[in-house]
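One chain is shown next in structure tokens, namely the form predicted alone.
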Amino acid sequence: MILGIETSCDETAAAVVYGGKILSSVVRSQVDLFREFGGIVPEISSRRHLELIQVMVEQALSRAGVDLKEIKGVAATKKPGLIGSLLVGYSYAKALAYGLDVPLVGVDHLHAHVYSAEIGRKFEFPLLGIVVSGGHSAAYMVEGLKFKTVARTRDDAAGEALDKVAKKLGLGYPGGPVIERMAREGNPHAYDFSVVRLKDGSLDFSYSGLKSQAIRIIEREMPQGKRLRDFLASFQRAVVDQIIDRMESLVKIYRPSSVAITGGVSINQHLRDRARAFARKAGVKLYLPEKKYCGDNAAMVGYLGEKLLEAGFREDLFSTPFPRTEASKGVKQFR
């Protein structure tokens, strides 16, 4: 019986996992706190985690029908994320593991996102795992618990670009859902946004140029009405174009048996439809997480944490979280 804890950014979450099954998963978002700012304020976020962490753990245990004494391991997000937010959840997890005298394992948030697509099914390896969210865009070749980074965010992430364009238009925060809703009534080819490829030939993700191009258009014409819906449909299409472009290239290079697209942006229906169309054409199996597991959650942390604990991974109770993932080292660094 594993307790999962997630506090990497602005969601406070806890979950109970047993034998790969999610017995409970509770998430408290801080979105309402940050609407007036148009984005996350790290110090406010970490303070809110302090207020909520105990409540969320109690709710997860209650909904699972589990007593705290039945917990035999604790898994908590260790990296990457906002350092203040990470410290709250990880410190709580360390104290709990010490008090219960059970093992603790630190989980890479992005690796957990990849494994969110395996909940309720089994991966076929080797797997290309693509994570697209507000803070990260990254791709990994995955074989069991071994992760090799094959692409990463060079500047802005996919979700970040959506949020910033929505903010510029005064559409509110977060930007992804409102853009997707308004884009349904627009022409995705009304504006000519091209797929960004880096000059060095890398397949890393880069959204700063696309974001800047969109902001220049907004400042020049401030689209309204039907023109605004066309603009948003075109911008959303361009954001997704880059994800599909990277997926196509990485599949050709690495020849995976399957592909998983995960993270907050993977809830976008346009992306899901495009990914399914490519997977059928390429003859690869596609995994998409249930929509309730697309955003940050503790179920994915507990799910991967259980696998890590079974494989013998343990954390020293003197360990600390850190925000950046080192290239190519993957999960082995936790041993």
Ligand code: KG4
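Just so it is clear, the model here is predicted, and its values are computed rather than measured. Start at 1 and count along the sequence shown; that's the residue number.
Keep in mind that the form predicted together with the named molecule is missing from the display, and what follows is about it.
Novice: Note which of Asp204, Asp230, Asp156, Glu180 lies within 4.5 Å of the named molecule in the predicted bound form, where distance is taken over heavy atoms; exactly one does.
Specialist: Only one listed residue qualifies here, and that residue is Glu180.
Novice: Report the stretch among 305-313, 272-280, 289-297, 47-55 that approaches the named molecule in the predicted bound form to within 4.5 Å, counting heavy atoms only.
Specialist: Contact criterion met by 289-297 only.
Novice: Indicate whether the named molecule has at least one heavy atom within 4.5 Å of a heavy atom of Gly89 in the predicted bound form.
Specialist: Close contact is absent here: in the predicted bound form, Gly89 is far from the named molecule, nothing within 4.5 Å, heavy atoms only.
Novice: Taking heavy atoms and a 4.5 Å cut-off, does Ala76 contact the named molecule in the predicted bound form?
Specialist: It does not: once the named molecule is placed as it appears in the predicted bound form, Ala76 has no heavy atom within 4.5 Å of it.
Novice: Can you tell me whether Gly176 touches the named molecule? I mean in the predicted bound form, with a 4.5 angstroms heavy atom cut-off.
Specialist: Yes, Gly176 is a contact residue.
Novice: Please determine whether His111 contacts the named molecule in the predicted bound form, using a 4.5 Å cut-off between heavy atoms.
Specialist: The answer is no: His111 has no heavy atom within 4.5 Å of the named molecule.
Novice: Where, within 99-135, is there a heavy atom within 4.5 Å of the named molecule in the predicted bound form? Residue list please.
Specialist: His109, His113, Ser133, Gly134, Gly135 sit within 4.5 Å of the partner.
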